[in-house]
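Here's a solo chain for you in structure tokens, the form predicted on its own.
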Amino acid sequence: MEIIVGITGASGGPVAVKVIESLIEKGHEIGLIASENGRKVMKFETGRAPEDYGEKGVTIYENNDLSSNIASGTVPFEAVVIVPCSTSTLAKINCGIADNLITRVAAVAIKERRRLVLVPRETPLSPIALKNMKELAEIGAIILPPMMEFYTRPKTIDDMVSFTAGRILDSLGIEHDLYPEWRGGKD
């Protein structure tokens, strides 16, 4: 079954790229949707466009195509990951506003009880964003902000990106080797 990846207009394109490339490497079927601003930010931050992944077997969906098959609960998909997830998209999902394909597949994931992983990229977080995250978590969404970590002793930005991408894969139940397993502080 397909894993749907949504890319919205928040900073975090490198994490989206790492998730997509890891899913491709693991042989997963991927559907990719990017908002207009998501495309711009991803291109600016990574030099890559979401459409580039069509050549790698990824199904590219248009964000304005609400007649797409994945907009229906009758079409099975395994999970939805929105990375990065803008606070605007987060608010729309929490309010049940499904005015584009990204917010619609999130609504389908919620109503069909499928896995929904949201990777909000904003700092500091406003009380409104925190309320939206809390309410979405209470109904089963996984809220996974890209937090810095140091226990893996990252040496590069890619190490930190890989950690967040690995945590996203963890939340999907997908094995990976993007960061070393915690060994209780022992080398």
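Being a predicted model, the structure only gives us computed values, none of them experimental. For every residue, the number given is its place in the sequence shown, counted from 1.
Beyond the structure shown, there is the form predicted together with a small molecule, which is absent from this document and is the topic of what follows.
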query: One residue of Asp52, Glu122, Glu29, Asp159 in contact with the small molecule, assessed in the predicted complex (non-hydrogen atom, 4.5 angstroms); finding: Glu122
query: Residue among Ile168, Ala10, Val15, Leu23 with a heavy atom within 4.5 Å of the small molecule in the predicted complex; finding: Ala10
query: The small molecule in the predicted complex: contacting segment from 136-144, 29-37, 54-62, 150-158, heavy atom within 4.5 Å; finding: 29-37
query: Interface membership of Ser88, the small molecule in the predicted complex, 4.5 Å heavy atom rule; finding: yes
query: Distance check, Val41 to the small molecule in the predicted complex, heavy atom within 4.5 Å; finding: yes
